[in-house]
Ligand SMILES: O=C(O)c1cc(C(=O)O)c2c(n1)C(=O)C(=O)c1cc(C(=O)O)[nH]c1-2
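Presented below, as structure tokens, is a lone chain in the form predicted alone.
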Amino acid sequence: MSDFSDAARGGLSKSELEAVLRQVGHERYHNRHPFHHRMTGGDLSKAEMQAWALNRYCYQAVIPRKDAMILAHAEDPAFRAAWRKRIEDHDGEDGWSGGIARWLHLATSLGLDAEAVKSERLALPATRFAVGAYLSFCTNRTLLEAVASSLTEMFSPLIIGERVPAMLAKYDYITEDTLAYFSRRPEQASRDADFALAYVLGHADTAERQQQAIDALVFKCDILWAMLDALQHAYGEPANIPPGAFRPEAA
């Protein structure tokens, strides 16, 4: 696996920068994680699937909040007009008709209690720390870095294309209705990734800024990877569920 910490030395052309960013995803995106491979291989227990849905809700719920922080950094009205579509996608028009609500439907379709999921109190500590770190990053770093961290969306259609058919084929308790969240995401993610990539390529105009963008994408990949690490550690064999976290036998 490559070390991207000095990838922009001497400066890169736009095409070279894009190639490095795509290489980050190729090597570090969480479709390479063993937990994902177990999911697509049909090897997760229902308890592990429930834990995944419950913990991933924390990430889904923070997305519009981090996008609001990005909007707060943006001085360009055209940028804000484009970026706020992301918040609308996740919150919907009324707060509960968008992607977050569809993820909650996924979780409850797996047998989880809606209020327990929404409270996030049963999520793994590592999940909460990772999600908090992502929100903090987008709040405190530059607009360029925050936008670059969203470029994992370039790879989102790939993982959805692997995950959804496998889940439908290999888990008899999962239906197309269960996975309704994913029906709109490839199109939304591609739209958002195209906008964010154009922004990064246009504004990462020095070697220093290019390296910041690369590092931001590595950071975001690390966040997603760490969340699956935590799930594997807590709910794989042998299970190491921390105090206060979701326990399948109590669901």
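Predicted, not measured: the structure shown is a model, and the values here were computed from it. Residue numbers here begin at 1 and follow the sequence given.
This next part talks about the form predicted together with the ligand, which is not shown.
Handout entry: Candidate site Phe137, Leu197 and Gln212: all three near the ligand in the model of the complex by heavy atom within 4.5 Å
Key = None of them does, since no heavy atom lies within 4.5 Å of the partner.
Handout entry: Listed residue (Ile160, Ala133, Ala74, Leu168) with a non-hydrogen atom within 4.5 angstroms of the ligand in the model of the complex
Key = None of the others qualify; the residue that does is Ile160.
Practice task
Report the stretch among 113-121, 148-156, 74-82, 171-179 that approaches the ligand in the model of the complex to within 4.5 Å, counting heavy atoms only.
Solution key: The contacting stretch is 148-156.
Practice task
Report whether the minimum heavy atom distance between Tyr59 and the ligand in the model of the complex is within 4.5 Å.
Solution key: Yes.
Handout entry: Any non-hydrogen atom of Tyr29 within 4.5 angstroms of the ligand in the model of the complex
Key = Heavy-atom contact with the ligand at 4.5 Å: present for Tyr29.
Practice task
Mark Arg102 yes when one of its heavy atoms lies within 4.5 Å of a heavy atom of the ligand in the model of the complex, and no otherwise.
Solution key: Contact check for Arg102: no, nothing within 4.5 Å of the ligand in the model of the complex.
Handout entry: Contact test in the model of the complex: Arg141 vs the ligand, heavy atoms, 4.5 Å
Key = Heavy-atom contact with the ligand at 4.5 Å: absent for Arg141.
Problem - Contact set, 82-96 vs the ligand in the model of the complex - heavy atom within 4.5 angstroms - result: Those in contact are Arg86, His90.
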